[in-house]
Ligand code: PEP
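There is one chain below, alone, in structure tokens, taken in the form predicted alone.
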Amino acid sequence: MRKLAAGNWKMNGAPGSEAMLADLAAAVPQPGCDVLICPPFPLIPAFLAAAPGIGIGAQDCHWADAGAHTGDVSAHLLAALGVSAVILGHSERRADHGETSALVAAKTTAAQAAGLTAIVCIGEREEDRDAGQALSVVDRQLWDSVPEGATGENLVIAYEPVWAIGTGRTATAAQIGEVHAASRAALVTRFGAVGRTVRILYGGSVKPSNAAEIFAVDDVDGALVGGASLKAADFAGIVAAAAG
């Protein structure tokens, strides 16, 4: 399975930040894996214009095609711009905006209907892991956040333990492998053979120094990268590791 290196810029970047894409392309002219950058909404058109060979995604979308939803963006509008994927259900959205798994599922349905790949995020909090509930929490999020009709083209799962996002802490290879194996099993149970074609990414303080070790874990099909995706040199190291 071809790995995916996806960069989540979160609320970072400014006009002109698209210059990073040229630096990234120069550093890894033939990446050997799929590469995706998800900048803030206002930067998407400039990133699309500057990104031959690099996919551009968004960080959220609304479940409706149009309507009285001030400040929201529809999946159909994103697709019309040329966006190929959208991150949904990130733990920061779940925590800061109170997003439920049911809402994430509705957004995923909208994204897939618009022809986008939905990158659905799942992950336990530190207190969940300490209580021995990591697998049950992640399994429930996966089942409740993913609607029917998944394929290897329209769905990506991103496992991001909340306690490892932006903290410098990274889950051990054993912890990552346990959750990814359980997530793969859940996908296969629900979708049959199709479940083996859905990529499962790891996210949580991924950086060039630990990327190769993470990608060597079974059922890790790439990474969803935060801070390390903002600099071409750092992200290029992760992309190179994903290419193997």
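Residue positions are given as counts along the sequence shown, with the first one as 1. What you see is a predicted model; the values in this text were computed from it and never measured.
Keep in mind the form predicted together with this ligand is missing from the figure; the text below concerns it.
- Contact check for Gly98: no non-hydrogen atom falls within 4.5 Å of this ligand in the predicted complex.
- A residue is said to contact a partner when one of its heavy atoms sits within 4.5 Å of a partner heavy atom; Pro39 fails this definition for this ligand in the predicted complex, lying far away.
- At the 4.5 Å threshold, heavy atoms of Val35 stay clear of this ligand in the predicted complex, well away from it.
- This ligand in the predicted complex is not approached by Cys61, whose heavy atoms all lie more than 4.5 angstroms from it.
- Comment: 162 to 170 is the region of 110 to 118, 125 to 133, 145 to 153, 162 to 170 lying near this ligand in the predicted complex, near meaning a non-hydrogen atom within 4.5 Å.
- Shown here without this ligand, the chain has Asn8, Lys10 in 1 to 34 lying with a heavy atom within 4.5 Å of that partner in the predicted complex.
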